[in-house]
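A single chain, nothing else alongside it, follows as structure tokens in the form predicted alone.
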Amino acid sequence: MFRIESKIDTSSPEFAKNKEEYKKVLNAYRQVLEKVREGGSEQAVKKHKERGKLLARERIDLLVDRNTPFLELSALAAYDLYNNEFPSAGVITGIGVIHGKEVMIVANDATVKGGTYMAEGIKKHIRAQEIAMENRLPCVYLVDSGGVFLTEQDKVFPDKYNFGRFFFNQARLSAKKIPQIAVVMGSCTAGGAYVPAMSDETIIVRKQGTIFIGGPPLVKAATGEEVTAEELGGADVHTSISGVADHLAMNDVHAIQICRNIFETISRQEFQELPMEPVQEPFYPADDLYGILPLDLKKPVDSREIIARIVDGSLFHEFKDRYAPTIVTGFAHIMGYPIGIIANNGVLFGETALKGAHFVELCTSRNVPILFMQNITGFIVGKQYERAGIARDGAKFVHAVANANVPKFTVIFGGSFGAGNYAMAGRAYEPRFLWMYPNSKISVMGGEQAANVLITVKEDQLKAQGKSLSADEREKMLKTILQKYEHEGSAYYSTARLWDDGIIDPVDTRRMLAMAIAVSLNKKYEKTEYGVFRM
């Protein structure tokens, strides 16, 4: 492999200005993240602690091995929704290490509306289970939830990917021999009672955890029976009478220790071997990225400059470097793990798509994971390209990406627009993880393009009626559309709705990807088979 030769002048005023402006964007993101990680209101946090309970993130810190990273997912889920009353969507999910094994952790935050589930919280919980299934990860559920958020019942109860999907997924995980452990540290009500009931082993905290299908108010309304929560479904009942729980804990710390003890008996079922190389730090400083990444998405960025700050030794074996230059493809290592990289360097042409499809085939034939680095306006348009078969060639790329069974990881470092999002392993193409940078944008097309299309359509409609659009009306329509696309295309809008797995600091990319590759090794890579390629 050859070291990428950076052409960035890091001493230039332009670089310094971009770096300064990017740090402002990054600081704004960090402030939002810090606020969200506080959890519920100050009063709710105080009340929670007065009950002798640990906060959700404190529980996770105790659960995972000391001095190991926790890969939190979708920390800003539900951000700027529900008047920001559901920080992190009321549930914390992520991957931690317990006794040396990667584990998916789902922890309810009872300081946020009693740990109840609204739409984004459910989506986040299900996404965690999907990741566990894809990567064969044991699951730990730190349960402290009042069940569904009843005022949102029409959005959380009846559909395929609503609340009931939790238990469907638990059944499927169990059938695949993927361990699941529940630690009941608070309420576990109604349908939520199936979380511990469907787990391999269940721990419940005395005088704190409760499990019941119907709580005391419902029991009284249905039968007239008056019963306390503890009598109905407390820890003593479920560990000595019903047998629904298996281990009695005296407090949160004790419960977490029991959970850790359980993992001493759990071993990996599978393991995918990858040829490893000695780890090297990138030749160029990671924080150079702040001066390189685009704040103005119209400004071209050579994706090799970003690759050089992520991969081991900044070493890159480029594939077809002289052909179809608007996409960069090649092999590298990230913290010793082999990786194939496909990165945008402009719009997608027919030959670009063919180059991408060819490279995907190389990676799948060699069992090499693929990193997609997106900064894409989409596929080229126009009569010349349609006649040359851009749709056919683009379809080859989409076919290859859709069927690639090696782990795919996607990082959006600039724009992600149109069908380019799909070809470059957007969410619909099931990358194992997808992250965005704070400066990223994602939408069906750029705001200006959308505005011009919609205004043209409107003018054509008016012209057919013998009317026209005035200059003021045109300007007002343009401004409205641009504002809408600017708002809805932001990384915050995306991550709030779980279109991605979180916004990340660019300098953390290398660490996040290394963890993601390590996680993917818990399941053997499946053989890739392709369908029909239109020739």
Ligand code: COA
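Position 1 is the first residue in the sequence shown; the rest follow in order. Source: prediction; values computed, not measured.
The next section is about a form of this same protein that is not shown, the form predicted together with this ligand.
Colleague: Which of G146, P282, P438, G234 has a heavy atom within 4.5 Å of this ligand in the predicted bound form?
Modeller: Result of the distance check: G146.
Colleague: Within 4.5 Å, heavy atoms only, which of P407, G114, P179, G94 is in contact with this ligand in the predicted bound form?
Modeller: Only one option qualifies, and that one is G114.
Colleague: So in the predicted bound form, does S187 come within 4.5 Å of this ligand, heavy atom to heavy atom?
Modeller: S187: yes, in contact with this ligand in the predicted bound form.
Colleague: Taking this ligand as it sits in the predicted bound form, is K47 near enough to touch it, meaning that at least one heavy atom pair lies within 4.5 angstroms?
Modeller: Yes.
Colleague: Using heavy atoms and a 4.5 Å limit, would one call L150 a contact residue for this ligand in the predicted bound form?
Modeller: Yes, L150 lies within 4.5 Å of this ligand in the predicted bound form.
Colleague: In the predicted bound form, does K35 come within 4.5 Å of this ligand, counting heavy atoms only?
Modeller: Contact check for K35: no, nothing within 4.5 Å of this ligand in the predicted bound form.
Colleague: Within 4.5 Å of this ligand in the predicted bound form, counting heavy atoms only, one of 330-338, 114-122, 247-255, 428-436 shows up; tell me which.
Modeller: Answer to the contact question: 114-122.
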